[in-house]
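Below sits a lone chain in structure tokens, taken as the form predicted alone.
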Amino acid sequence: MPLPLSAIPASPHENEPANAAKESAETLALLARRRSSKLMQLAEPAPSSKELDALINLAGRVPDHGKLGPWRFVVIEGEARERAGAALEQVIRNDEGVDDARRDFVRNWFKRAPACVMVVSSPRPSPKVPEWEQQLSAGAVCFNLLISAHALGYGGCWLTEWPTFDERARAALGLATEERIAGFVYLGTANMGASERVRADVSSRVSRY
């Protein structure tokens, strides 16, 4: 069962103490065992709208050089999943080789999970903060959102998929020309437990200068 919304503490206001260096065995255990759910294993219930707002607030607490907030969130839940899917279906409707089965699949794209948060990388003009740093911040938002959802008791997965790389799809989903999709974070309740997968050998990727 997900934790109650009251389990999420309020974030500090500007200039209030915000020391993150605090021992937490639960956090270490979560990170040691963190595992995304497969998309087809995400079922109802989804996080409520209030829970999504709280999770998004946590997701925004990422490194952000220059305090630019170079990202934004698009919540796709409830009936909005059908509208967003219909927008994508219009993009591919007349593409060569696309049949009715593909159109139906794309139309139901966002119904594959109970809820989705589209994290948009939205770089700001800055003489001091390179665009690459801003994009990295957007990637950190995606992971922070996923970790926060796990900690609240929900399953989730962070995907990109074809709309990320299709200019027409990005426009159909409301992105500006300079914006990119950092990820679709699909959320719901895992209907079965996950098992560990093969991972990169971290020790072979460590050197000391």
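When you see a residue number, it is the position in the sequence shown, counting from 1. Please read all numbers here as calculations on a predicted model, not as lab measurements.
In what follows, reference is made to the form predicted in complex with a small molecule, a form of this protein that is not presented.
Residue in contact with the small molecule in the model of the complex (any heavy atom within 4.5 Å), chosen from 168, 35, 61, 65: 35.
Note on contacts: among 57, 48, 27, 160, the single residue with a heavy atom within 4.5 Å of the small molecule in the model of the complex is 160. Stretch-level contact analysis of 48-56, 169-177, 152-160, 65-73 against the small molecule in the model of the complex, using heavy atoms and a 4.5 Å limit, identifies 152-160.
Not displayed here, the small molecule is kept clear of residue 13 by more than 4.5 Å at the level of heavy atoms in the model of the complex. Although the partner is absent from this view, residue 22 stays clear of the small molecule in the model of the complex, with no non-hydrogen atom inside 4.5 angstroms.
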